[in-house]
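Two forms, one protein chain; structure tokens for each follow separately as structure 1 and structure 2.
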Structure 1
């Protein structure tokens, strides 16, 4: 319970970011053309701080602006309404704790945009679950088995998230299209445009 705080969240983000940096440096040793671009440290900012800094921009534009400025950012507290009444992005009320979550974004010069590498956070406990369900007007979910298990403290407290593996490979290998690192089915228009750009799809 004592570990359910921003300090723990940032500590885990630093570990993940260090792994990203190490991977980038390792690839550079193998392939010198893959020059590292990640900054030494990742920058932390909340969605409200981001709105306060760029109130005239949309959430996506804010992400691009802050990622371009710092190179790597962790945007925290995603899911709830901001002072403007808008949400930075949607989040389920029974997934992360909206006050202890965030996204890792990297600025990608090739595409001139921020790339989301991970969405993660500290999962809710019984108190935060009640709070989030109330904020989302989803209190009826409390009757569900999983929610009852959380409310009755039958499950361990956890932290988790995902890594966008294809996005990360695209970033580290400096590819312009995700189809260069991930097998998929593409329509004729995309295939034609990629051929024009000398992009080889898998």
Structure 2
């Protein structure tokens, strides 16, 4: 319970970032042409701080700007309304505590944009769940089994998230399209554009 704070969140992000750096270096040893680009440390900033710093930019542009500046950033507190009344981005009210969550973004020079490698957060407890559903105007969800289990404290307090495997491979292998590192189905337009652009879809 005492660990439900931003310090815990940052500590876990540091560990994940370290693992990313280690894999980048490991790959460099195997394939010397894949020169590492990740900075030594990841930078932390909240969505509100981002808005204050770049009020004239859209949330997406702010992400690109800050990722370009620092190389690797963890953008915190996603889902709620900012001072301007706008949201940085939508977030499901079903698991994250919007005040203790975030995205790991890496600047990706191949595409000249930020790439989200992970979306994660400390999961809500019974108190933050109520607050969240109110903010999201989704109080009807309280009746769902999952939410009832949280309200009745039947589920453990936890932190969670996902790390995209293909995204990570794409980033480390410096690929232009995710279809170069996973087999999927694409539309004719994408297939044609990729062929023209010398991009080999698997």
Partner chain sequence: MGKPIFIPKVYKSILDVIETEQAIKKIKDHFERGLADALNLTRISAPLMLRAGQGINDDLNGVERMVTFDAIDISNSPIEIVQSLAKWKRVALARYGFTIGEGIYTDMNAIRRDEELDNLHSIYVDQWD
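Positions refer to the first chain, counted from 1. Throughout, rigid core stands for the largest set of C-alpha atoms superposing within 1.5 Å between the two forms. Only a predicted model underlies this, so the values are computations on that prediction, with no experimental measurement involved.
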Specify the structure that is the form predicted in complex with the partner chain; exactly one of the two qualifies.
2
Residue shift check between the two structures, rigid core fit, residue 19 Cα at least 2 Å
no
When the rigid core is used for the superposition, does residue 192 move between the two structures (threshold: C-alpha shift of 2 Å or more)?
yes
